[in-house]
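Just one chain follows, in the form predicted on its own, and it is written as structure tokens.
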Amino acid sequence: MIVGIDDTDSRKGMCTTYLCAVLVDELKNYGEVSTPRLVRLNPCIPFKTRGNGAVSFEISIEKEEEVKEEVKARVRELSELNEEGTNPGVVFIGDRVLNTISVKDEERLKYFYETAVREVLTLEDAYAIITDLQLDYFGLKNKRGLIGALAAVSFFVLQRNKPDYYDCTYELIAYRKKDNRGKARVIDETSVWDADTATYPLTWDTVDAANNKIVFAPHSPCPVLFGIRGDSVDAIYKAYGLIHAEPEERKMLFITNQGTDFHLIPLDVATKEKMQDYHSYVLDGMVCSNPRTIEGGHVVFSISLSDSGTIECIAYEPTKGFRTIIRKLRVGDAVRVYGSQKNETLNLEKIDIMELNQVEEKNPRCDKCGRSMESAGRLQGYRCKRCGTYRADKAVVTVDRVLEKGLYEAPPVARRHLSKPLVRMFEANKKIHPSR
């Protein structure tokens, strides 16, 4: 039986991954339990709590009802039910369904998972599949968590049947003892930097070297002590063994869609006419307005899209040094931008600078004295007041650019869970500039 859970936390506490870790440990008394999955859903959803994550796991048992009651009891007990935005949902896919699931049913689950990560779904969308597949479910309050719970079990079914179908990474999460929650986390930062040095790039987003910060530990009062992300389980456990921190209650390894860019709607789908807020896109375009810094330290520029229309792109102040790269762009540069749309503006996560405009028009210089000529009036060319010489057009010159072509990214301190770090994006003939 596969179990999916979502929306048990709030901004004030709890974490759905912690509830999953508790259940995985406890349910081993009933039967064999799989490595759980952590599925990050659409990061733009306005009613998310923090990372918009749902969880799922599989347990091999004969008496499913007993385990279902145990899961329901723990969800009731640990969920932040007093908080307005907490609406838990649990979906069960029993062995009967798993053994009879059709190709059509699998396609529906695939569509639901992918849509949950990239677009916006309603509770009615979840109920339609739950009803048609005759899935058992459980929810509290308005039950909105059923959307994430169904997406999480859908991901598990797809990965269970086709392990290599989706790009996946890992995260090892350590959880705090109950008495320590709400207090400042005790983590030896020197050991964290040592762990990163020993395991990067097989582990990533543990530290932000450019901003001199550790970024693998949250600042909220949730049960999470820290999380180590990476592509290698061995490297993750090696890093874990090097880190010195307060005693933990438990730890759990998750298989996850983090660091995969799966939230991005690809080039062949994204067009100006179809673009909507709360969606994330990859777009090709030409810089059509030079970057400008606005109030708050955010940097804004516009691109003309390859199909039609223009869109403003913004690098927010929390992206720190990434803005320095953006400020070096100029009109005529060919770029590929990655980010989410809000208020018809693309919030940048990455940028691929594909071609640099190295041509610049300047007032011509006088052939006699070498001084810069001045405009003779609108559409009247240029004259040298000293020598009286005349030129009809501006001079076209080649300029050196301090900016290099290639891929750039927002730093770890500002990175979304789903954003793929550049250390995972090695491509032939493509230079990457990882943010450390």
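The model shown is predicted, which means the values in this text are computed figures rather than measured ones. Throughout, we count residues from 1 along the sequence that is shown.
What comes next is about the form predicted in complex with a small molecule, which is not displayed.
A.B. asks: Using a 4.5 Å cut on heavy atoms, which of 347, 180, 159, 115 is close to the small molecule in the predicted bound form?
C.D. replies: By the 4.5 Å heavy-atom cutoff, the listed residue in contact is 115.
A.B. asks: Name the residue from 144, 279, 330, 298 that puts a heavy atom within 4.5 Å of the small molecule in the predicted bound form.
C.D. replies: Only one option qualifies, and that one is 144.
A.B. asks: Heavy atoms within 4.5 Å of the small molecule in the predicted bound form: does residue 373 have any?
C.D. replies: Heavy-atom contact with the small molecule at 4.5 Å: absent for residue 373.
A.B. asks: Quick one: does residue 121 come within 4.5 Å of the small molecule in the predicted bound form, counting heavy atoms only?
C.D. replies: Yes - in the predicted bound form, heavy atoms of residue 121 and the small molecule come within 4.5 Å of each other.
A.B. asks: Does residue 41 make contact with the small molecule in the predicted bound form, using a 4.5 Å heavy atom cut-off?
C.D. replies: Within the cut-off, so yes.
A.B. asks: Whether residue 411 contacts the small molecule in the predicted bound form should be assessed with a 4.5 Å heavy atom distance threshold; does it?
C.D. replies: No, residue 411 stays farther than 4.5 Å from the small molecule in the predicted bound form.
A.B. asks: Counting heavy atoms only and using a 4.5 Å cut-off, do 352, 421 and 426 all touch the small molecule in the predicted bound form?
C.D. replies: Judged in the predicted bound form, none of 352, 421 and 426 sits within 4.5 Å of the small molecule.
A.B. asks: Looking at 51-59, 28-36, 384-392, 364-372, which stretch has residues with any non-hydrogen atom within 4.5 Å of the small molecule in the predicted bound form?
C.D. replies: After filtering at 4.5 Å, what remains is 51-59.
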